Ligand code: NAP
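Below, in structure tokens: the form predicted on its own, a single chain.
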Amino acid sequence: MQEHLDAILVGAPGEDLAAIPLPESYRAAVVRKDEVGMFTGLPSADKDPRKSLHIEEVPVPELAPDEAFVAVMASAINFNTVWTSIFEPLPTFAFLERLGRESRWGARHDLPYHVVGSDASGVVIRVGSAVRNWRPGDRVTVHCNYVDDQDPGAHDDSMLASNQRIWGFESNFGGLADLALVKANQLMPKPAHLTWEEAACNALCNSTAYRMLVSRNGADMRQGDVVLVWGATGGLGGYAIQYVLNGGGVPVGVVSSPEKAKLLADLGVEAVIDRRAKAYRFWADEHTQDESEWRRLGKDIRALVGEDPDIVFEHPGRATMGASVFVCKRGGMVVTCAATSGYMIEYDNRHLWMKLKSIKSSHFANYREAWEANRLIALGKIQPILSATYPLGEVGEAARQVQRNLHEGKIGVRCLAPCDGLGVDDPELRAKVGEDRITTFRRLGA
């Protein structure tokens, strides 16, 4: 990919990029099918991505008519890469085998290795014969909704399609590599005022937060809504906080240190709860939750904003779901997209049905939602939450940081990009938005 990189760095036109021969292989972060049992019997904390994520040369796959090759300048770590790398809750090779049975094109994905990664920014270098809206030379970001148009369910909300997948998690040839294979309907314009690594960190988490809070498929947040955001400086919460502020809501951010509380204050959040300082113990033991601790959280929220939350932005899962259901306002909504602390959740159903609350599930975003979320990034209305970057060769360490929750915001990974700071095409907009705003999380990471 060196010839492609050289051409990109000097701003070569698309026809020149298209004329460069594709390599026979490319550098990628992979997990191996013959290693899925390497962590058997170990607790999750001891399952180390640094041992299972490998940087290897892999063959370039065949390009389907509706696909594009993207020279990946940067990518990012998401929790699904952690799950893939520790083979939990199950090895992702089962997903690739299922995709492999669907069609000739799907069969390409069923391999003894899995190229991971569900975020990317880069440059289109090839397009398939059916691609209409993109061409070589386009600077793009990639969202991870991997779906085709032959399922009827995909034509209302593509997230409801029976074959909907997350690219780089349930499909192969993901973004933690020098080259990515993507469907044309995953491409979006790269925000011109951002660097490659800033642009790469947004699509998965930003789109997810948009759907959860802004979209009619989520909470459909209104002005004045009080929104409790767990992990308010994390990969999802950092975007959620911005959407609440931009939409005229009242955010209540939950964090775990004074430094994180200060970061929220810098973002304009007035109501902040430091959960470690409060020392909440929602679980008295492994099997028993403590309702008095739920009540204490609710009292603390009301002390800050005067009322219960209309919306709870819930993603930790087992550790917090009981509390989330309890503190949510009568008639309010808990919107949930993940369970990073455990999938088997428990809550007191009396507090749900008797107070007419609801729980709504959310999973990534459809193309329209991802496009609109990306547009807000491109306009400078939502800021990237990049806190640190690693070279592709250190992807295992980057994933370990996310696994152990030692980071804030998102951790970026430089793939082809030789250093941070490249890729800004609109310095005037960058200056208008403000360097301090764009790099708020980066300063915390430093």
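Since this is a predicted model, take the numbers as computed values, not measurements. The first residue of the sequence shown is number 1, and the count goes up from there.
Although not depicted, the form predicted together with this ligand is the subject of the following passage.
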Among 244-252, 214-222, 357-365, 106-114, mark the stretch whose residues have heavy atoms within 4.5 Å of this ligand in the predicted bound form.
357-365
Would you please decide whether V402 lies within 4.5 angstroms of this ligand in the predicted bound form, comparing each non-hydrogen atom pair?
yes
I'd like to know whether W230 contacts this ligand in the predicted bound form, with contact meaning heavy atoms within 4.5 angstroms.
yes
Just checking whether L204 would be counted as a contact of this ligand in the predicted bound form - the rule being heavy atoms within 4.5 angstroms.
yes
Classify G137 as contacting or not contacting this ligand in the predicted bound form by the rule of any non-hydrogen atom within 4.5 angstroms, answering yes or no.
no
What is the one choice in R296, K183, K260, R165 with a heavy atom within 4.5 Å of this ligand in the predicted bound form?
K260
Of the options K47, H407, R414, R27, which one has a non-hydrogen atom that comes within 4.5 Å of this ligand in the predicted bound form?
H407
Restricting to 292-317, the residues within 4.5 Å of this ligand in the predicted bound form through any heavy atom are H315, P316
